[in-house]
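Just one chain is shown here, as structure tokens, and it is the form predicted on its own.
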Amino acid sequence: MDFSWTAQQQQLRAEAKEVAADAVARYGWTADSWINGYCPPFARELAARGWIGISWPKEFGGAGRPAIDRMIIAEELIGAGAPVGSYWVAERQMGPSIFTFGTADQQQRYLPAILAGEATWCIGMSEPGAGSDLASLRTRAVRDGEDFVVNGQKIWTSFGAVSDFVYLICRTSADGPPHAGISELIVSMDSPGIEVRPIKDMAGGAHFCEVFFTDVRVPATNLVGVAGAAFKQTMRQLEHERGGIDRLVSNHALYRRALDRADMTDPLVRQEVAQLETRYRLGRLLVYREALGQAPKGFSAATKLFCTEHERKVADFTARTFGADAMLAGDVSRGLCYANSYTIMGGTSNILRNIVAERILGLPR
């Protein structure tokens, strides 16, 4: 099997490296830059290059290029800590959901702004008390004439305070099993009845938000897909979220700083670096399989599990390398504080282990 890159892919990677380095020089770097790096001007620059939606179908405004090209760009940008957050969620999940399940009117209304890097979206999924269990969500949308009326609360909503739209996962029916009766709505964040409360995290960031919905009226035309049948749609979204390169390289910039400082004359340090490099390459292979469509259905849970466990090991190595200086090293300190979140957000490691055991391996509950 030939694992080499084509000349076009090598050129694309070299270009992405240059763009990433330039962005970091102008805007700075952050750990987990696809969540922490909110920078609309950089999004518009990438859009001008045609790099937002590069793997979307051409009929929806994308470039129609293979998913592996998008992965190459993302690996270099996020690996360097370039600020991709303002468009990332919309390009990765919302756009594909809308051009797969949305109406022609929704596609014409929302996709152009995403491709232009001019719209920030958040996902209204997690709720207090529901944890990583989507079927337990309680936010309700009740049909009233030509509208849905939404009441409930979401939490851990990244970019809730700066988003133009929330892609809301809510319950439109209580009939049947817990995973039934779930729907997806597009909700404008300036709708009356929405209150956003940012949550400051231990790393000093405030991208997480609580979002409260009180009698928020949403046009019924904003329903994506079939009412009450969105569980499978949401699972498909999670495939994009869990199986991407962003779950492997979120703190790669931190790792590079640790390598610059590490004592490579120490055999134990060299051994640890070798283990990290090996795990990184194994993680890439898992992500490649996702990008190439070769991974089994639901395997993104295993990919996310392996990759984010690797990210925690990178943080441990960085902390040992910097020692007490880690508490005084600015961005390194923030990166280390933030690292605790990798194995929690998007599904905790224990939840993902359950998914792997039950849905992939077919083990009894």
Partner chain sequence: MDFALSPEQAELQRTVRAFLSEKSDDAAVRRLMEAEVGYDTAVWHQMATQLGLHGLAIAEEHGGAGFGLQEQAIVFEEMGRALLCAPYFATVALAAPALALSDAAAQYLPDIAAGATIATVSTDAATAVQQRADWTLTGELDHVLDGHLADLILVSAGDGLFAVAGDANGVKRELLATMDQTRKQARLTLDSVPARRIGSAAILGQVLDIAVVLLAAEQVGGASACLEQTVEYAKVREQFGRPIGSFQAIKHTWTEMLLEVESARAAAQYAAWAADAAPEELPVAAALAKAHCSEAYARVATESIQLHGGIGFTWEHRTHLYYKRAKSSELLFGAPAAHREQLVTRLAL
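Positions refer to the first chain, counted from 1. Small disclaimer: the values here were computed from a predicted structure and weren't measured.
If you look for the form predicted in complex with its partner chain, you will not find it shown, but the lines that follow are about it.
Residue heavy atoms within 4.5 Å of its partner chain in the predicted complex occur in exactly one stretch of 305-313, 321-329, 22-30, 335-343, and that stretch is 305-313. Interface residue remark: Val196 is not counted as part of the site for its partner chain in the predicted complex, having no heavy atom within 4.5 Å. Its partner chain in the predicted complex is not approached by Thr221, whose heavy atoms all lie more than 4.5 angstroms from it. Interface membership of Asn350, defined by any non-hydrogen atom within 4.5 Å of its partner chain in the predicted complex, is confirmed. Not displayed here, its partner chain is approached by Phe299 to within 4.5 Å at the level of heavy atoms in the predicted complex. Every residue of the trio Ile68, Ala357 and Gly362 has some heavy atom no more than 4.5 Å from its partner chain in the predicted complex. When its partner chain is considered in the predicted complex, only one residue from Ala174, Ala206, Met264, Met202 comes within 4.5 Å through any heavy atom, namely Met264.
The contact residue chosen from Ala180, Ala116, Val273, Val149 relative to its partner chain in the predicted complex is Val273, the criterion being a non-hydrogen atom within 4.5 angstroms. Contacts between stretch 269-289 and its partner chain, counted in the predicted complex as any heavy atom lying within 4.5 Å, involve Arg270, Gln271, Val273, Ala274, Gln275, Glu277, Thr278, Arg279, Arg281, Leu282, Leu285, Leu286, Tyr288, Arg289, listed in sequence order.
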